[in-house]
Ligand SMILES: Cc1cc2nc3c(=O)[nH]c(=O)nc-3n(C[C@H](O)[C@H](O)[C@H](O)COP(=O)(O)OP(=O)(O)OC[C@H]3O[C@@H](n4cnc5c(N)ncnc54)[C@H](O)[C@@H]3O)c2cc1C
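This document opens with one chain alone, in structure tokens, the form predicted on its own.
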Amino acid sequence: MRTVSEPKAYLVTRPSVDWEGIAAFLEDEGVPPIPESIRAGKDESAVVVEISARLCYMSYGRGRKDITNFVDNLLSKGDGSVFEHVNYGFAITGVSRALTHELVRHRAGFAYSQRSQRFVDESEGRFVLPPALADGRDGTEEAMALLTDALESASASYEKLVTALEEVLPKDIFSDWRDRRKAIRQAARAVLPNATETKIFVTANVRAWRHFIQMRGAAFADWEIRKLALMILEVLAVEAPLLFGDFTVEDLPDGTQIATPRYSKV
């Protein structure tokens, strides 16, 4: 039995701007060209926000010249729709099925592709240790032993179920071997716990990511998903500081952390 205690979040997609398209649009509309109209410079995430926001009022070449002030004004007013044009995608590993059951409840602005338990053999899979136990807190030794026994039993039961079904499930009732393989594993996964590790590809726009971090980075959130939310915030605050730099991270007495935005409910 293998275990994991820390998630990993790899930023794998980010926004891309077609500068020639922008230049053509500005020229056709008879407004000032890129240097004067687009104050975000080479920060492509802010460029997308600025172009979409200025289009609403056709304010190209006019208004706020400082891009930080421009974006802060949008955040403070709650003009969240313009942040939906900017998307970031993460490949996430080392998280439990319990976490992803909560994660996929975030629907608007999100797209998901998750590791399949019907097709992937979980015999060599891993289990995610809950943070309350994985962090080695004093007095949790007995609880850890109970968890380890339960996970080892689940892993053994899964392997036994796969073996038993491979021996008795008729081959002639399936059109090909793939369908039979999936049928065996979809039945065997019934004994796998919420702690089973999974991998998931998640893409979301800035507005959706901000909502996710605000909700799952709060004190009332589950510790595991909160750790992931803070990890994603750490990446995005560096990647797009104008769009995520208003979050403040605080330490709690229990050793965990929370993230709170200056601009709430954008």
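Not measured: the values here are computed from a predicted model. Quick note: we count residues from 1 along the sequence shown, nothing fancier.
The protein also exists as the form predicted together with the named molecule; that form is not presented, and the subsequent description refers to it.
In summary, the region of this chain contacting the named molecule in the predicted bound form, judged by heavy atoms within 4.5 Å and restricted to 218-226, 52-60, 65-73, 233-241, corresponds to 218-226. With the partner omitted here, the residue from 77, 118, 137, 105 that has a non-hydrogen atom within 4.5 angstroms of the named molecule in the predicted bound form is 105. Contact annotation: of the candidates 262, 8, 265, 2, the single residue with a non-hydrogen atom within 4.5 angstroms of the named molecule in the predicted bound form is 265. Residue contact with the named molecule in the predicted bound form: residue 211 places a heavy atom within 4.5 Å of it.
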